[in-house]
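Okay, here we've got a single chain as structure tokens, the form predicted on its own, with questions on binding and movement later.
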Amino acid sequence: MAEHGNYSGGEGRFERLLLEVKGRINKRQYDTWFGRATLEQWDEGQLVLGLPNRFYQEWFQSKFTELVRESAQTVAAAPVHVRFEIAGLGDAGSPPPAPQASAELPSTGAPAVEPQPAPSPAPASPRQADPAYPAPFQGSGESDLPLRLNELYSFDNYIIGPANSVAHASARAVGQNPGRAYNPLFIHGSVGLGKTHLLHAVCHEFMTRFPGDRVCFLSCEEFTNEFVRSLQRNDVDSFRARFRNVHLLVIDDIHFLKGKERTQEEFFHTFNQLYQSNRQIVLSSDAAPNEIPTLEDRLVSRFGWGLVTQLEQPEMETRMAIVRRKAELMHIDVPNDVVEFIATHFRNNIRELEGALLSTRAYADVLGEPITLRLARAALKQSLQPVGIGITIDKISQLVCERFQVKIADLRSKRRGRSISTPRQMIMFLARKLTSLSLDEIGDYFGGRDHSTVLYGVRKVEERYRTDPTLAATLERMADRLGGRLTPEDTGRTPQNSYNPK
């Protein structure tokens, strides 16, 4: 990384920053992304990195903001605000909307005081925010800092599938009919499944329909840090005035409240004030309300007053659609076989899919070659996840029994009613296609049934798979959740007849 700009005398500190960053990510990530960055400025708690183009700028803002800020604060032993600019252009270089800072990185206990966020160009207002109160508060009122939303995180850019359709529909309803449809709306799910995207989309929809109303969107960590600052300044009244007089309050990663008794107490009263005023509240978390440790019962109860909905891992078709949409937004041409390759091997969340696509693009850019399946395999070989490893008949049985609300003991019994025979045959089918078990071994699992009985059950499901789209979709989602994949060769279906839920 070259060093230039208006920072001087800090070569040693800058080198320590690079070493700190390098120690937190793998070598290929560091070489790919940080190799073309430059230092533009680092003084008075302000660090500005220069990047070669808008693509790099957007990627750093969405993926490396916390990494660079934490590394810089470790080196400086003081709060550091980080900004990314296109090298040589400064803020005039078409800055994209800054994504919401994530609170999904490991917490170190007491909330750290966050530095002031990057100033965004905005029309002068007769009522400016208190300059002595460097809050990360993001609102749409005249006295607030500009609301920072990612313009790409809209409902139009959200790929809908069975794993997220309920969350998407409820979020859209909230944006269109706030305070009445579902209040509060609580969206939970693992990291990288699209919770933050939905929160941004709600804000976009709300602001389009109600342009004069005030919106506040921030992370729970920022809410906590704001409260801590208000206590330090002995100015809790101003804090309450800012957060209890909005029309839409959106808080990402509300699980950050765990273990913070004073902040929970304050948020409880903020929640009550907004709810009683029919103001909309939208929350996201990595766990359901009753699964957040040390969260007060009264908050758990209130979070369940509206709608609690979960985002699950996207199935194969949805993952492929996500890769295609991401490629369109990045203006890159990705062949279908590469789309399928990425969707097959990166299954856990959307961030993995996006990271795989970007790594493939970067690899192609470095080599100066078009994206092909061969190139994608080379670019991602160190990150590939083997498909189907670790699938057992016990895991298959557990999943099928949960789906059909039956007991495995009943499936192993001599009972032959349809409510028992159908899930039993589905387990036989999935075990045959996704494991290396023989027909006899599968028969032994079901109480000593002979191989001909198992073969009959497998063929029965194959026949229904070819003719029943609903059953086909169910089996494909189950295989997907187990970490496996059903191919046309497995099922006797041709690609032309393969079920597509779209």
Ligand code: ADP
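Numbers for residues come from their place in the sequence shown, where the first is 1. Please read these numbers as outputs of a predicted model, since none were measured by experiment.
Here the subject shifts to the form predicted in complex with adenosine-5'-diphosphate, a form of this protein not shown in this document.
- Glu354 belongs to the set of residues with a heavy atom inside 4.5 Å of adenosine-5'-diphosphate in the model of the complex.
- Interface membership of Ile427, defined by any non-hydrogen atom within 4.5 Å of adenosine-5'-diphosphate in the model of the complex, is ruled out.
- Interface residue remark: Gly192 is counted as part of the site for adenosine-5'-diphosphate in the model of the complex, having a heavy atom within 4.5 Å.
- Taking non-hydrogen atoms only, His197 approaches adenosine-5'-diphosphate to within 4.5 angstroms in the model of the complex.
- Heavy atoms within 4.5 Å of adenosine-5'-diphosphate in the model of the complex belong, among the stretches 183-191, 74-82, 269-277, 236-244, to residues of 183-191.
- For the three marked residues, Ile25, Trp33 and Leu358, no heavy atom of any sits within 4.5 Å of adenosine-5'-diphosphate in the model of the complex.
- Checked against adenosine-5'-diphosphate in the model of the complex, the residues Thr224, Ser397, Ser170, Asn164 give one hit for a heavy atom within 4.5 Å, which is Asn164.
- Residue in contact with adenosine-5'-diphosphate in the model of the complex (any heavy atom within 4.5 Å), chosen from Phe210, Tyr363, Tyr158, Phe341: Tyr158.
- Relative to this form, the distance between the C-alpha atoms of Glu58 and Thr208 is increased by at least 3 angstroms in the model of the complex.
- An increase of at least 3 Å in the separation of the C-alpha atoms of Glu58 and Arg214 is found in the model of the complex, compared with the displayed form.
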